[in-house]
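Presented as structure tokens, the chain that follows is alone, the form predicted alone.
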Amino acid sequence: MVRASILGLGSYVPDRVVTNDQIRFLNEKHEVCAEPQTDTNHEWIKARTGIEERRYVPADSGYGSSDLGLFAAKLAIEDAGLTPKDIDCIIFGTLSPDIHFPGNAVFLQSKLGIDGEEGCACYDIRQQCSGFVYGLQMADAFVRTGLYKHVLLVGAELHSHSLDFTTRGRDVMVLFGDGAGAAVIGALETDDEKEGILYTHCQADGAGAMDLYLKVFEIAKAPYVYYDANDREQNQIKYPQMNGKKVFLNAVRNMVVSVQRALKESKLTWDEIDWFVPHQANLRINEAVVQYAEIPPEKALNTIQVYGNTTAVTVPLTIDHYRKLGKVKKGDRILSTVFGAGFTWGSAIFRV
């Protein structure tokens, strides 16, 4: 029996560390100013989010999210014992693409040196914080049906260039960081139904679409983009907007239900699962999910404290972070659950 399995993992974060004490001194180009630009502080941010620091690209780097994705992709391909030429499908999840279109997958393909008339299939998905689980479900189906042999799943985000570094935007601005994570999914011959990618389930509720959004490009209007960048009321359109309380409540509820569903449908218990890796949106959300879903706290892995919310990146980044520390080991079984804008959410159970 052919099952899909994660063959390799890789992650990347920029070298630049931005602490909670430093972030209030950054301007819209995330350059350090002499005077505070945002009314916030370490205690305020940590108490509400659990975040202590995050990573940003240099202010003048010229990087795009596909560049960050390239770093992670190369590491995942190497970890799988493959070369870029072995990849026959790319799935790229991001809410911060290099440009509006085409999507990042084709840019990554070219940067990997596997473009051309015989280039592999390239998919771009826009499930924001749920991108990794949505992409994993796609890759699982592609591999099990024999459509593709080696699928490269990449999440990459460059948030630092599109945040409102003022008191007006602080509720959203303090949450996000830059980074990338990748996995190579391929075939595994086994008769054990609990090997490889064991379970995936994805859902969405469009009623919450405007509770977390970025509206800078609105196709129903002409011109599509119009604002005075110097007018604070008009330029608000270029920054993410969030109904924080509603997002928090929906995240906790749907992540808890999703975890319970995954266990029920897979017929597994926590004795058979090594680690719980939730999306890293807010440490308080994850703590509530652990409590209400009755997850053994010692099995929950979090990295939001040091990386912030990297949306489509958080799951592979967290797994790889603890793998580098020797805590997550080859063959460990992971239950991951995610929640993002849309609203979208889902869970997956898989071995690494």
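Residues carry their position along the shown sequence, with the first being 1. This is a predicted model, so every value here is computed, not measured.
The same protein has a further form, the form predicted in complex with acetyl coenzyme *A, not shown here; the description that follows concerns it.
Contact with acetyl coenzyme *A, judged by heavy atoms within 4.5 Å in the predicted complex, is confined among 32-40, 58-66, 289-297, 321-329 to 32-40. No residue in the set R3, A348 and F350 has a non-hydrogen atom no more than 4.5 Å from acetyl coenzyme *A in the predicted complex. Proximity to acetyl coenzyme *A in the predicted complex, defined as a heavy atom within 4.5 Å, holds among C122, V174, I197, A262 only for V174. The contact residue chosen from K221, K245, H100, R232 relative to acetyl coenzyme *A in the predicted complex is K245, the criterion being a non-hydrogen atom within 4.5 angstroms. Residue contact with acetyl coenzyme *A in the predicted complex: Q128 places a heavy atom within 4.5 Å of it. Residue contact with acetyl coenzyme *A in the predicted complex: A341 places a heavy atom within 4.5 Å of it.
Put simply, N302 is far from acetyl coenzyme *A in the predicted complex: not one heavy atom of it is within 4.5 Å.
Using a 4.5 angstroms limit between non-hydrogen atoms, Q109 is distant from acetyl coenzyme *A in the predicted complex. Heavy atoms closer than or equal to 4.5 Å to acetyl coenzyme *A in the predicted complex belong, across 148-164, to no residue whatsoever.
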